[in-house]
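Given next, in structure tokens, is a single chain: the form predicted on its own.
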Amino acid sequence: MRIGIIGAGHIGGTLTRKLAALGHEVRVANSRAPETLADLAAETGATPVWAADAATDADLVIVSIPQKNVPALAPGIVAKAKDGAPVVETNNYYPQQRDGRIDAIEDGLTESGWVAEQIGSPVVKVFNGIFWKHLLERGVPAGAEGRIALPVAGDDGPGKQVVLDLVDQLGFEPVDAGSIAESWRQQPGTPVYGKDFDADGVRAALAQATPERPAEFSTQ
């Protein structure tokens, strides 16, 4: 697939490495000029581009940037992707630690629902709760004992299935976590967040989640 990645931090950079190694055509952007990604490009074979061009003709787009920076993305930044291309977002909202208060999220909108509103596109939420080194190093083939599972939230359809299949290809067990309206179950502070559960463990943790934000992940 042709994959556009907006964000080259821990998760975006790791996905660039993993997806390029799998043979996908990866274009990656950060908040600066493409030449600032020369080392990552040399290491992986990915093509560095301006953020506004990352999604052009992409089969899949990944947005992996600090939550507070989402409104600064160019209008229509994912609109150049192919029709039906899923948009993955890996973001987390850390109001105290990084992002400041976002009223819509504090008032109950899911983090991913807010991102979807900002970029004008439905999104699929995944990769937000796994430590980046584990994403880089701990993928194993399907059927392997103890395979780490990742929850995937988004609207049902071909795009979500593409993402589920990609998670499997990366070496992790995809678990359908419901719609974006249910994606709060994998936000920071929930039982599944930051854990390396297997598929049964992920399903149990999602079921145990409650909508209330822990104090450390809220401004209230």
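Position 1 is the first residue in the sequence shown; the rest follow in order. Only a predicted model underlies this, so the values are computations on that prediction, with no experimental measurement involved.
Below, we turn to the form predicted together with a small molecule, even though it does not appear here.
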Exercise. Give a yes/no on whether Thr90 approaches the small molecule to within 4.5 Å in the predicted complex, heavy atoms considered.
Key: yes
Quiz prompt | Contact of Arg101 with the small molecule in the predicted complex (heavy atom, 4.5 Å) | solution = no
Practice problem: May I ask you to state whether Ala51 is within 4.5 Å of the small molecule in the predicted complex, using heavy atom distances? | Solution: yes
Self-check item: in the predicted complex, Ala72 touching the small molecule (heavy atom, 4.5 Å)
Solution: yes
Quiz item: Just one of 178-186, 23-31, 164-172, 151-159 has heavy atoms within 4.5 Å of the small molecule in the predicted complex; which?
Solution: 23-31
